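Below sits a lone chain in structure tokens, taken as the form predicted on its own.
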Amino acid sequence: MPRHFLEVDDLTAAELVSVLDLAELLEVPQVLIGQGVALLFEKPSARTRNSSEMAVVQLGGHPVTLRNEEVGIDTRETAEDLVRTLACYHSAVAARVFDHRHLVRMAAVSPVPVINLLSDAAHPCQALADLLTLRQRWGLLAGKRVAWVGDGNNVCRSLAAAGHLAGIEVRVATPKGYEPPADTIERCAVVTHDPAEAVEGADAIVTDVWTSMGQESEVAARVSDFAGFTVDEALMARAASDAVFLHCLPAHRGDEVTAEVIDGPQSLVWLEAANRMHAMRGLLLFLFGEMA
């Protein structure tokens, strides 16, 4: 049976370490020579597309990127028929979708690995890149404190799942009504509506945009609801003196983060962006049976 990757906790704690170790290999095994990987995008992306395509190329494979208008999940054909078709040509299928249930249905019937490039429920490849970035900075992850400030969205959920596996204390601050689901809250040491409480003494502060794709009609309400949740220099000052800042990008300077923070010396966002490619490469190596 193929290994699928729909959320970070599809891995064990030991397997997560293996993926991160594989991501840092200097000599990359060419495990995908002569093989294709389908990359399906219902939602567009700069980092996810580029990082995924280059990870496949670095492993000797050929990425084929598809937009939803070319395949039409559940319009032209069912999610099940689509993944069965793509598996005729490709050794893995990775998809960035609006509805997480599409990925679950694909994985249920797919003879090749299905990888979640983003869904409404999770963004596990981003979480891998975040842990890789923090491990490169800190060495050891266990026992560190990471504070999430913003929407309890898919990125927050996957970061909490990854942190739980890695032994990180995850602290979450959201406005009222934007809390993550119960299974995420169970993995967090702190869930609060006060950003200052979440970031106090934290080793890293992480955020995301206040309004994601598909939520454009909510912009005005969200700007009001998220007042006080901007990561600025005053909030960073409440964290540990050597704390770092992460953001999955794209960023809206002046909303969820100030320019002084994201462009400042504590920001690791460009290393984090680069690590999207390395983390994806490590994941593919793991799924195709390579051991660190």
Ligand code: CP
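Because the structure is predicted, anything quoted here is derived from the model rather than measured. Just count from 1 along the sequence shown to find any residue number.
What follows is about the form predicted together with the ligand, which we do not show.
Heavy atoms of L249 reach within 4.5 Å of the ligand in the predicted bound form, making it an interface residue. Among heavy atoms of I33, none comes within 4.5 Å of the ligand in the predicted bound form. Heavy atoms of T48 reach within 4.5 Å of the ligand in the predicted bound form, making it an interface residue. Using a 4.5 Å cutoff between non-hydrogen atoms, R157 does not count as a contact of the ligand in the predicted bound form. Taking a 4.5 Å heavy atom cutoff to the ligand in the predicted bound form, the contact residue among R145, R105, R96, R135 is R96. The candidate site formed by G139, N275 and H278 is entirely out of contact with the ligand in the predicted bound form, as no residue has a non-hydrogen atom within 4.5 angstroms of it. Just one listed stretch, out of 39-47, 62-70, 227-235, 24-32, contacts the ligand in the predicted bound form at the 4.5 Å heavy atom level, and that stretch is 39-47.
With contact defined as any non-hydrogen atom lying within 4.5 angstroms of the ligand in the predicted bound form, the contacting residues in 95-126 are R96, H123, Q126, given in sequence order.
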